[in-house]
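Just the one chain here, laid out as structure tokens, in the form predicted on its own.
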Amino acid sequence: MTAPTQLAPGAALTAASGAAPPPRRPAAGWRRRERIIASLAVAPALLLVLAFMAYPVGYALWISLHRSNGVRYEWLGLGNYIDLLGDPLLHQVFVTNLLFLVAVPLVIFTAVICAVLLHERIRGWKFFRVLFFVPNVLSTAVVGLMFKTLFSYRGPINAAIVATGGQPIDFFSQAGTSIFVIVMALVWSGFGYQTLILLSGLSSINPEMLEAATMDGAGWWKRLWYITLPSIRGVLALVTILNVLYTFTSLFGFIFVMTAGGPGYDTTTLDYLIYTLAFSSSNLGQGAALAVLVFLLIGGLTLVQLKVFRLSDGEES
């Protein structure tokens, strides 16, 4: 005689109600196998990040604690940092770099005007959208050579000045005019990319708001100031942060091609000074230490900007 089969309490209830049994949870072996497959899939990208990002950053930190010419290494601890922070040349270069921040509002203002005009689809907007982006496909070296040729002593700008009865100007012999030309190159090469970013923000504005404002008699500038700019405040914050970072980290190409940091050190920026210390003076330790300081500087500036924009958003709300 066969004994009746004992059912578990849950199985007995399921069988009594006639509902389908709940799906079985994957076995521990399958879960372990999924974790292994996921780890193997991520491993190539992780190796690349470690090889091309983590290792160079760690190596730069290690070099910054040594006096090194690339062959010999002598432990200095924080000596390179202390020497740099007390060096008047670094103070001068930092102030010069701050002067180039004047390009940030110029780039943003030009980009906002161009983005709004393109968003309103003025005549020929497709052509201008392509034209504004053309400088971004050129390298900084090419843009720098173009502006160096335009503003050279025998260049087209001086030819136009002489033709109107003026005297030619040696733009690259003085700090003020040299910085002016570099800022012009920065604005020309950067506003097209910022225009595209702002256009993406403008596409989120409800067109009925602009139409209602127009019917109420608001002019173009009033619509820009009271509707358009507040609506894209977040995008403007992003563009501002990107431009400030660019000014501290990406002027090397312009400086190298146009002025080589001169006259004297009047147009030397922080990234160009890193190059000069590390490769022209063979002082890799101080070059690496300055790179670390610039990293900390732009990280702090970014945090300050984020806090300022969040505070302004809180006040508006």
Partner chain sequence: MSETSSTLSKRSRTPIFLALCLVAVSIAFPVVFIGSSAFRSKADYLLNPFGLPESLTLENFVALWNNYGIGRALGNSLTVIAVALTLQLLIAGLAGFAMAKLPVPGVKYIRAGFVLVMLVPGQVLIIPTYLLLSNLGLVGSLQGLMLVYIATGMPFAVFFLSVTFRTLDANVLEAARIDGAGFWRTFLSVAVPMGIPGIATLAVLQFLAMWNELLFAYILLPNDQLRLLTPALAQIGGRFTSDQTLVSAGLIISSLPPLILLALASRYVMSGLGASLGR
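Positions refer to the first chain, counted from 1. What you see is a predicted model; the values in this text were computed from it and never measured. Superpose the two forms; the largest set of C-alphas matching within 1.5 Å is the rigid core.
Below, we refer to the form predicted in complex with its partner chain, which is not included among the displayed structures.
If you check its partner chain in the predicted complex, you find a heavy atom from every one of A60, F252 and G287 within 4.5 Å. Listed residues I108, I197, L76, A175 were compared with its partner chain in the predicted complex; I197 is the one with a heavy atom within 4.5 Å. Just one of R154, R233, R72, H91 comes within 4.5 Å of its partner chain in the predicted complex, counting any heavy atom, and that one is R154. Here the chain stands alone, but in the predicted complex its contact with its partner chain, taken as any heavy atom within 4.5 Å, falls in 143-151 among 143-151, 175-183, 100-108, 83-91. Its partner chain is not drawn, but in the predicted complex it has a heavy atom within 4.5 Å of L242.
Using a 4.5 Å cutoff between non-hydrogen atoms, E120 counts as a contact of its partner chain in the predicted complex. Taking non-hydrogen atoms only, F256 approaches its partner chain to within 4.5 angstroms in the predicted complex. Heavy atoms of V95 never reach within 4.5 Å of its partner chain in the predicted complex, leaving it off the interface.
Of all the residues from 263-292, those having a non-hydrogen atom no more than 4.5 Å from its partner chain in the predicted complex are D271, I274, Y275, A278, F279, L284, G287, A288, A291. In the core-superposed comparison between this form and the one not shown, R129 has its Cα shifted by less than 2 Å. Annotation for A160: C-alpha shift under 2 angstroms between this form and the one not shown, rigid core superposed.
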